[in-house]
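First comes one chain, alone, set out as structure tokens in the form predicted on its own.
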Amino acid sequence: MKKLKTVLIALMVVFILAGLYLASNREKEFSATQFLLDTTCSLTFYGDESREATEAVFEEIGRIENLMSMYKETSDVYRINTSKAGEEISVSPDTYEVLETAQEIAKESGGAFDITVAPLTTLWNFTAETPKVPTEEEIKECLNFVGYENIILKDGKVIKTKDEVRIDLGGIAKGYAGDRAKEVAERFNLTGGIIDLGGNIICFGENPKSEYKIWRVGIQVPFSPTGTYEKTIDIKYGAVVTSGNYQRYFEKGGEIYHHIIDPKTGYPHKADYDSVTVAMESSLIADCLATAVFVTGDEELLEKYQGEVYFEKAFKE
């Protein structure tokens, strides 16, 4: 009897320890969401310091937003946009790195990706409650101030060639924030994680919910309910970034006008596809290339940067 009692006590200890172990494992997964960079940012981390990592990553994303927002008067971008032609504006190393990459992709894409489209994006104003199609004269006026050649980078400083030139880092800031978020997260005791910055997906480490520890990212079918996928991408480490005409748009006269502006014409680019997804290690470069390839349709851009590209169309009714 005494022996049976000892066995039962031992089993109870095992079950208690197993329960504590499972509870501990559950605590190692932590997810949270915040609205930053004008989008919903969601983090899921796995590891002993997942909660601490989440706090640090959100703080870093907020710091980048403060540097690169068009609307915050203390930001680098705001100071550039309100500067005079020829004035040298000192910016943070983060902003300067983003501008260097933007100018590089602009040259490589023949201007298909161009951060000086701000006058056009402001004119089209896709976030307005009642957006309207600008007149041809308004678009032509804006085009006088669009062109990556109007921005000069020199020793950590930014110089505009015309007073009216303005920049919009909306097509690249999330990409940079994704890379920085991953770098910050990897400083903590984590086994892996996934960062979703409004469709910019960045993965690292191991996926504990996958048999092979890899991450599976679905490519959204354009104009379909969120979570509708026809294709998925399996990655171990890196970024998956999508640019699509279904994300911000309005309809007028039976035609769809979307937010991906062709810097050469000033109008939303028309294509026989509805989204372009780029998968590669760098979220920063993938963000630029997704926009550039949407405008050009040129897959050769990916060869230099060792990325993969996927074109998607909406479901046919």
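This structure is a prediction, so every number in the text was calculated from the model and none was measured. Throughout, we count residues from 1 along the sequence that is shown.
Keep in mind the form predicted together with a small molecule is missing from the figure; the text below concerns it.
Among heavy atoms of residue 168, some come within 4.5 Å of the small molecule in the model of the complex.
Although the partner is absent here, residue 263 sits close enough that one of its heavy atoms falls within 4.5 Å of the small molecule in the model of the complex. At a distance threshold of 4.5 angstroms between non-hydrogen atoms, residue 103 is out of contact with the small molecule in the model of the complex.
For the chain shown alone, residue 309 is not a contact residue for the small molecule in the model of the complex, no non-hydrogen atom being within 4.5 angstroms. Contact with the small molecule in the model of the complex, defined as a heavy atom within 4.5 Å, holds for exactly one of 177, 239, 185, 117, namely 117. Only one of the listed residues (217, 203, 112, 91) places a non-hydrogen atom within 4.5 angstroms of the small molecule in the model of the complex, and that residue is 112. Taken together, 121, 247 and 291 are fully in contact with the small molecule in the model of the complex: each brings a heavy atom within 4.5 Å. Contact with the small molecule, judged by heavy atoms within 4.5 Å in the model of the complex, is confined among 42-50, 29-37, 252-260, 57-65 to 252-260.
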